[in-house]
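A single chain comes next, written as structure tokens; it is the form predicted on its own.
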């Protein structure tokens, strides 16, 4: 095999390994930042920690998700008929793009929604909530 062909094969393999789809990046971000509390499948932890999968709260508060992720939230909140009193710290280290991909994963994969955020929607949400904090 020629050196050029070998480099092309190597490049193709590296490109395939780098998955830039928002849902896949969102899944990794979820695993790193959310899974320890909301559990592997987003089911929450009984009456201690609310679910983010199949969660009416997520769908009803779609316009606040980016702000909740960035700045956190404190209870009481009601999710699927259960009241939760805890507090979730924000993830201020996440970029706008990371929050977009995380919300994409939560909406599409964990809540079976067809509509997802676009980056401008996330940035608008974050601008609004940053100006009120």
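Source: prediction; values computed, not measured. Residue numbers count along the first chain shown, from 1.
Just so you know, the form predicted in complex with a small molecule exists too; it's not on screen, but the next bit is about it.
Undergrad: Taking the shortest heavy atom distance, is residue 38 within 4.5 Å of the small molecule in the predicted complex?
TA: Result yes; residue 38 sits at the interface with the small molecule in the predicted complex.
Undergrad: Applying a 4.5 Å heavy atom distance criterion, does residue 63 contact the small molecule in the predicted complex?
TA: Contact with the small molecule, no.
Undergrad: With the partner left out here, check for me: in the predicted complex, does some heavy atom of residue 28 sit within 4.5 Å of the small molecule?
TA: Residue 28: no contact with the small molecule in the predicted complex.
Undergrad: Can you check whether residue 73 is within 4.5 Å of the small molecule in the predicted complex, heavy atom basis?
TA: Looking in the predicted complex, residue contacts with the small molecule include residue 73, since a heavy atom lies within 4.5 Å.
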